[in-house]
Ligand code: ASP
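So this first bit is one chain, no partners, the form predicted on its own, shown in structure tokens.
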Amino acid sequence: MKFGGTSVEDTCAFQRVVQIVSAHKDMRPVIVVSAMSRFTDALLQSVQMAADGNASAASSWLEDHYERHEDVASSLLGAVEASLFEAALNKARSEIRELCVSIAAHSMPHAALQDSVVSYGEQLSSTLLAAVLRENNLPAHYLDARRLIVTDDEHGRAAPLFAETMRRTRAELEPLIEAGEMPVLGGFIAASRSGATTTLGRGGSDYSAALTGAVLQAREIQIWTDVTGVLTADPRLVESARTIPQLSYREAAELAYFGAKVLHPKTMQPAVEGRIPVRVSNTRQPSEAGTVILTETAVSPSTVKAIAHKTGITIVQITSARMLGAYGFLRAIFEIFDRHRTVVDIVTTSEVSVSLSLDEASALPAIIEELRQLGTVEIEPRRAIICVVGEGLRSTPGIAAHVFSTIRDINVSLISLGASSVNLTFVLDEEQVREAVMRLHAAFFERAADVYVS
């Protein structure tokens, strides 16, 4: 059971978690918890303030968030547990202060030091949740996740080393589970072989839960968040978006990668390999079924199950007559992106040009400089990706025609169809994404399912 930041954001949220865990106690749950909502961002901001040379302000910046933890402890813990947590909080406060001083001395947010600071979000939330569960007569046992999940040395987005993680996790958790205890650990955080604190990157708490579930061969991996499952579209754009009862792993992975915020893209892989169902549920509506993600699911009557989108996209086009009849050209392009550790989402090619989409453009100036040695480079910023997802999409006649006729007056600059059997992906101007998503949702979910069949 993984609880996200909004699921532990305040006293009421902690009380809801207690009720949910109590209802599942006979299933022998392992609890993975994110940092309190907004605390990770505050910790990252404190690192930046320290890097700018103001270690004192960096420490003071976090006081409101420490008080949020104290409020939960004073409201939900008895004297003994409250005293123990207060000691843990004071220790964290002191260690963060020292780390900020070290960062200020280096005059830069050193990646290893940043990971150490940011890790306190999950350390504190998991320590506090374990105490609250014990206070409610549940046999919770806090464990530092850094003793379980072993990674490489890539700070900020470390990759788990599965064999070592499996060995340590089983050795630590299985005896506790057999003894009837409930392990509670922080998500997102891990440690390298040398023992240095690392983090798993954005959305890493989902990844922690999936890894732990896969290692323990859990019956189910539950992701508890603030929405009722995976929705047919982003509810901020489409008010009528509704919960999808079932998704396949392939569908869920595409949705996660192309903008659905409920799941992190990495979450799927350990679950796929372990063939473990993933359930996405709402802590505010625990009786609702949410979405279950399975190995395979039936094709939807309208084929399309969801529409995801991602903004902040940059298109890079490389044009060169040297591509004509040549080999090795694509390799040369991708070696440049590899050197700058920049991920490419979509690729389309013609005889003399290649178009690519990026959602992380921080290294773009250096990339462009190298790409210009291969040909002419053009950049299109402020683009958006829309991804239409559903099992059987590639083999169902009329889907692409229906999609593009629905948005026929909106310019589409790049299309990817056929690379996956479950998605149709295209790029358009960022300012038109809301209109396009609303129209597509209306066409596939709010009208007759067979309107596109001629």
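In this text, all values refer to a predicted model and were calculated from it rather than measured experimentally. Residue indices: 1-based, along the sequence shown.
Not pictured, yet referred to below: the form predicted together with ligand ASP.
The stretch that touches ligand ASP in the predicted bound form, counting heavy atoms within 4.5 Å, is 31 to 39, out of 53 to 61, 31 to 39, 423 to 431, 393 to 401. In terms of contact with ligand ASP in the predicted bound form, the residue from Gly203, Gly290, Pro160, Pro270 that brings a heavy atom within 4.5 Å is Gly203. Taking the partner from elsewhere, Tyr120 is found to have every heavy atom lying beyond 4.5 Å of ligand ASP in the predicted bound form.
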